[in-house]
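Take a look at this one chain, the form predicted alone, written out in structure tokens.
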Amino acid sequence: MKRILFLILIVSLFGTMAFANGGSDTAAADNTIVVGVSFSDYSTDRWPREAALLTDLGQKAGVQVITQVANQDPKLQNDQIENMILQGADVLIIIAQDGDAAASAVDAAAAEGIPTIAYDRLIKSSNLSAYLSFDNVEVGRAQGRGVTSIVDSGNFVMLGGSPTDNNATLFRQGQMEVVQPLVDSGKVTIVADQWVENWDPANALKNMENILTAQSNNVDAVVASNDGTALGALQAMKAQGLAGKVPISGQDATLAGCKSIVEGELTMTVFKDVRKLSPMAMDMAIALAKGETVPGLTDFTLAQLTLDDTLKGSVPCLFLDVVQVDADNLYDEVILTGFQPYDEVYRDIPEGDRPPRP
């Protein structure tokens, strides 16, 4: 539902406000669906790519897409979401910086009758219309398997993601399903267990430097929760001659991560095909804006999704499959499917050591 009086106020106050990736600072005509997309940040490798994809998908579907980025500031994100509501957004897609803080924005949107989709990161509100993500516990299991298939004993480091991202908790759950039995048997000792604020590679680098110093470099494996944190940790490991010798996991099949795998440093990544996630999110958003039922959703309680029994209510969810990727199947899963470019991934690999060009 469009809010003309609010629109007039916002245009007068924020007429010069710029929106990323082709957004507009005026709402569309009443017969055009307006989709507001709120990103936590663009420093995470995948988000700018998905912002462009969502914008393109919206344009092709004949809807107006407004995108904003909060630069890892939860309050700014909530303010930006409020502005999108005032501008007449019919539906919101939110990539939350903080799953707790963003709940108030979801609740405010629900009070206005505006549906919201939590995109890949859970927002802890039962007022969500949908939570669309990947099987995040399986991501963690894949990371645990990827590391322990190389080394299943000795001193392990656990590098979690951002403590404000519920996905990081679910990754850890899956990781420990694999690692904990080895701890219980006495084969593995977890010598460091740290979380990486904002998923920032620079923070992962600092954390790993401190861990290596404290352990006198006596580290046998690292379970890191995405490619960015893994590559940050690898900088510290490389300085100590450990890169390529100590297995380390990743996630997202980023260009830098895939390149590191073929160069023999990163052990594995988890391929989450966002080319499937973004179209599903846009289709969901348009259906919800029209008041239509979204097929394929299954209700999960917030307690199940967060491992926090104090949270009440449930959320309609759809989770996509993931693929464990290492040097053996990266070419088939990531290159042949066109997710990452052959020339960039194998750029520094001698011609004779490369697989055939697709």
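All residue numbers are counted from 1 along the displayed sequence. On a predicted model such as this, the values are computed, not experimentally measured, just so you know.
This protein has a second form, the form predicted together with beta-D-glucopyranose (BGC), left out of what is shown; the following refers to that one.
* Might residue 116 be said to contact beta-D-glucopyranose (BGC) in the model of the complex, defining contact as any heavy atom within 4.5 Å? -> Taking the distances in the model of the complex, the answer for residue 116 is no, it never comes within 4.5 Å of beta-D-glucopyranose (BGC).
* If you check in the model of the complex, is residue 272 within 4.5 Å of beta-D-glucopyranose (BGC), heavy atoms only? -> Residue 272: yes, in contact with beta-D-glucopyranose (BGC) in the model of the complex.
* Decide whether residue 44 counts as a contact residue for beta-D-glucopyranose (BGC) in the model of the complex under a heavy atom distance cut-off of 4.5 Å. => Although beta-D-glucopyranose (BGC) is absent here, residue 44 would touch it in the model of the complex, with heavy atoms inside 4.5 Å.
* Can residue 251 be called a contact residue for beta-D-glucopyranose (BGC) in the model of the complex at 4.5 Å between heavy atoms? -> Flag for residue 251 set to yes.
* Asked: Looking at 160-168, 258-266, 103-111, 236-244, which one sits within 4.5 Å of beta-D-glucopyranose (BGC) in the model of the complex if you count heavy atoms only?
  -> This holds for exactly one stretch, 160-168.
* Asked: Which of these residues, 98, 120, 90, 220, gets a heavy atom within 4.5 Å of beta-D-glucopyranose (BGC) in the model of the complex?
  -> Of the candidates 98, 120, 90, 220, 120 is the one lying within 4.5 Å of beta-D-glucopyranose (BGC) in the model of the complex.
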